[in-house]
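What follows is one chain in C-alpha cells, specifically the form predicted on its own.
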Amino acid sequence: MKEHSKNYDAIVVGGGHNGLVAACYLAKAGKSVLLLEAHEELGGATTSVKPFPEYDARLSRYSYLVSLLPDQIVADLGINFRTLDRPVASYTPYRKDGRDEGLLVASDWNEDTAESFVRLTGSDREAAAWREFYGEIATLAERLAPSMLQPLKSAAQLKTETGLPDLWRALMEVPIGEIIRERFQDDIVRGVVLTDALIGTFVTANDLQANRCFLYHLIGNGNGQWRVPQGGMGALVKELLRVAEASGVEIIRKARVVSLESGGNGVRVETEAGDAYRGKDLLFAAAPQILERLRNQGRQADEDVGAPRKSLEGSQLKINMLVKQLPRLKSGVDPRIAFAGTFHVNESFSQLEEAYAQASRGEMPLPLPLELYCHTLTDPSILSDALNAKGFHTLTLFGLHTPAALFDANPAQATALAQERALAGLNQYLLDPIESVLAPCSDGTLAIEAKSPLDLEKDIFLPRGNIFHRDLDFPFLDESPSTQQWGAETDDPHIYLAGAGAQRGGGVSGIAGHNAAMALLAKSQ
C-alpha cells in the first residue's frame, strides 16, 4: 500500500462528464482536486469510440443526444462545445388502408407536419391538441429549467412560480398515461408522446416514475430540444478534460476505488492498484449503489448508512450501426428526412403497454418497440471525409422495455434475440432490409454492435444497466422536512453525490456535477 501524503480539498470519484464538471467548478474556485477514474479513458457513458476498427467512424457508443446540458455550465467553464439542431423531431412509419405512410413532426411546426397529422387522423383536431400540449410544456420548461442549477425548492414554491397549476398537476401529480389518453385520441400519436416517458425506464404509463422521465426529457435547457453533439459525445469529454487540466485538477486513470473511509478529519480512499489518498471531502460521480457498498465495508449489516432509494432495472437495448447508404422506405419518404430525427417503430401507446406487459412476464417483447436516428445527417464530422464522400452514415437504435432480467439467464442468446427482433421491426417499413446496407467488415461480419443493460453494467458500471443509476426524483422537495439543499448531500457531511443518481441527476447534463460542487462550496463559505 502506498500512502500519498497530500491532503486534497476534494476527491472526485468517477471521470464521466458529471465528475469532470464537478472537478472543474471546484478547481476554478481555488480548491485542490484529485479525480480518480476506474478506466483508462475518461467519459463514462459520454465516450466516442471506433467500434468497427477498419472504418474511421467515431460513434457515441452509449449516450448519444444532448437535451439537459445547460448553457450556463458551458459558459461558466468556458468549454468549446456545440450542439446542433435537428430539423426533424420525429418520423413514425405506419400502414393504413393498405398504404405505407408516416407521421412527420418537424422541429418547428410547418405545413408538412400539419398535413401529416391529417393523413393519419382524418382531421386537424389531433394536431391542434399536440400544439396546445407542447406549447404549455415549452412554457413550463422555460420557467422550470433555471431552478435545476439552484438550491432545491419545494413543490409548492415551484408550482406557484411556474404559474401553470393545471399542467403542473398533469405532469407531477397524475400518471402521465391518464393525461396522454385525455389529451390525445390517436394510438400512434399517444405513443409518440409516451416514448419520452419511457427512455431507460421500465414502467407502465400509469406509474409516476414515467412522469419523472417525461419531465427530464422535456425541460432541458429551457426548451427541451434534443440536440446532436457536434463531433460526438467525446467532444464534450475532450473539452471538459482540457478545462480540468488547465484549472489544476490532478487526474489519475485506471484508479478504481475499492475502499472508502470517512471521519471527522475527512475521507480516505484506496484504489485497486494499492494507492491511498486523503481529502477533506469526496464527490462521488458514480452510481450511489457502488458508494453504499464501499461505505458498508467493515460495518455491521444492520447499521444504517443511508440506504439507497428503490432502484429500477435498466431497460434499454442500444444498437450502433454503420451503413453504406441509408435504406429506402416503403412510404417513399426521403430517408434523409425520416432518419434526421427520432424514427419510431412499434411505439403506439397500446404497443408500448403490451411490450411492458410481455417483459414483465419475462418475455422479450414482440414486436419490440424501438427508435432510431442518424447522427451523421446533422453532424457528418464523426466520419472521415472518405466515408462521407462514399455516402456512409451511422445509425443508432434504442430498444425499449428490454429490462436486465430478460438477459440474466443467457446474456448472449437474449441479446441476439433482441437484436433480431429490433431489426425485424425496422425492416417491416424498409424497402432495403437494414442488413443489406450495413457496412461489411473484413472478417465477414457486418458493422453492427448491440449493448444490453448487462453490457452497460459490465462496461461502465451502471447498476443493472440503469442509465439513471436508480429511479429518478422530481426536481424539487416534497412537503416533508429535508436536509437536502442541492440534492447532492448524503448522511455523511464529507460525502456528496455528483452523478446521475443524485437528485436532479440523469441525462447528459452536468447538473449533478455542478450541484455537488455548489453544495461543497456553500459549506466552506
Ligand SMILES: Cc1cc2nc3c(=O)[nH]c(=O)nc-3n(C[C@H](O)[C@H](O)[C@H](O)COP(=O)(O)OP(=O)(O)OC[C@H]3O[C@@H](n4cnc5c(N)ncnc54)[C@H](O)[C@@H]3O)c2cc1C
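We number the residues from 1 along the sequence you see. Quick caveat, the model's predicted, so the values are computed rather than measured.
This protein has a second form, the form predicted in complex with the ligand, left out of what is shown; the following refers to that one.
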Quiz item: Can residue 256 be called a contact residue for the ligand in the predicted complex at 4.5 Å between heavy atoms?
Solution: yes
Quiz item: Taking heavy atoms and a 4.5 Å cut-off, does residue 184 contact the ligand in the predicted complex?
Solution: no
Practice problem: Consider residue 36 of the chain shown here, and say whether it contacts the ligand in the predicted complex, taking contact as heavy atoms within 4.5 Å. | Solution: yes
Quiz item: Does the 4.5 Å heavy atom contact test between residue 461 and the ligand in the predicted complex come out positive?
Solution: yes
Quiz item: For the chain seen here without its partner, which of 346 to 354, 283 to 291, 114 to 122, 428 to 436 has a heavy atom within 4.5 Å of the ligand in the predicted complex?
Solution: 283 to 291
Exercise. Assess the spot marked by 475, 496 and 515: is the ligand within 4.5 Å of a heavy atom from every one of these residues in the predicted complex?
Key: no
Quiz item: What are the residues of 11 to 37, in order along the chain, with a heavy atom within 4.5 Å of the ligand in the predicted complex?
Solution: 13, 14, 15, 16, 17, 18, 19, 36, 37
